[in-house]
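Given next, in structure tokens, is a single chain: the form predicted alone.
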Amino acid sequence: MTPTSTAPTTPFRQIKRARVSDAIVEQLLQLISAGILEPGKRLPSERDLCKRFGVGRTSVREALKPLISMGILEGRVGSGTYVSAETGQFQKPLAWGLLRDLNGQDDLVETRHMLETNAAHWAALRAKPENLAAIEASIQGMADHLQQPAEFQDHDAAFHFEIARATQNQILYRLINVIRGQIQTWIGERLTLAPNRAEALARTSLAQHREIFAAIKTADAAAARTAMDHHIQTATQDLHRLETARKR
């Protein structure tokens, strides 16, 4: 009898590119698009992914983080990482095009401004009690991690996700999810470019987030839009100043 191989078959390929985390992201997106990783399916463990891709744990974590931020993957505490049940909505060419081509910072800021100021407006008019609770929880998470930039950034992203969810507009929510990974990277740069000022920047951001939430909670749509506009403009100006100082 001819012995059969016991080596498991796998759709994952080892990574041989310089930007390892980007290559992992691209491969996961391809597997999701092809339906190999189906909505609701649990991904292999972090350790298993490291073996399958042939990379270190840091690279896997860097790849999973933006996909979770965009809502393509879902991290469940104590359970693992899953393909979002709504990921099928991201399989359209337009969505993938946005993910790959929306690289210009000015375009990104302009798009974010259009989407998120309107999201704040509609969230103020439509937020349900559970939405308000989720937004408030993200603010508390920010307050608890003022000295931990990575964790603060995660709760910052959650704040904007929950506002988008509170609009009760699934298309707006998905559009914000599509660009949120790049926005989160951009927000992270604001903190990492000025490590000595990271906590001060975080405190300013927290105060602005609280102002946005206060307007949403009182159903003041105009004030919510204005507060979100102020927040985005302030963050943009800070980043531009930091980048200019770095280039000198």
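Sequential numbering from 1, following the sequence displayed. Here the structure is a predicted model, which means the values were calculated and not measured. Under this definition, the rigid core comprises the largest set of C-alpha atoms superposing within 1.5 Å between the forms.
The next section is about a form of this same protein that is not shown, the form predicted in complex with the DNA.
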Please pick, from 203, 42, 52, 197, the one residue with any non-hydrogen atom lying within 4.5 angstroms of the DNA in the predicted complex. 42
Using a 4.5 Å cut on heavy atoms, which of 26, 211, 46, 220 is close to the DNA in the predicted complex? 46
Check whether residue 80 has any heavy atom within 4.5 Å of a heavy atom of the DNA in the predicted complex, and answer yes or no. yes
Considering non-hydrogen atoms and a 4.5 Å limit, does the DNA approach residue 76 in the predicted complex? yes
Non-hydrogen atom contact residue 232 with the DNA in the predicted complex at 4.5 angstroms: no
With the partner left out here, check for me: in the predicted complex, does some heavy atom of residue 35 sit within 4.5 Å of the DNA? no
2 Å or more on the CA of residue 25 between this form and the one not shown, with the rigid core superposed, yes or no? yes
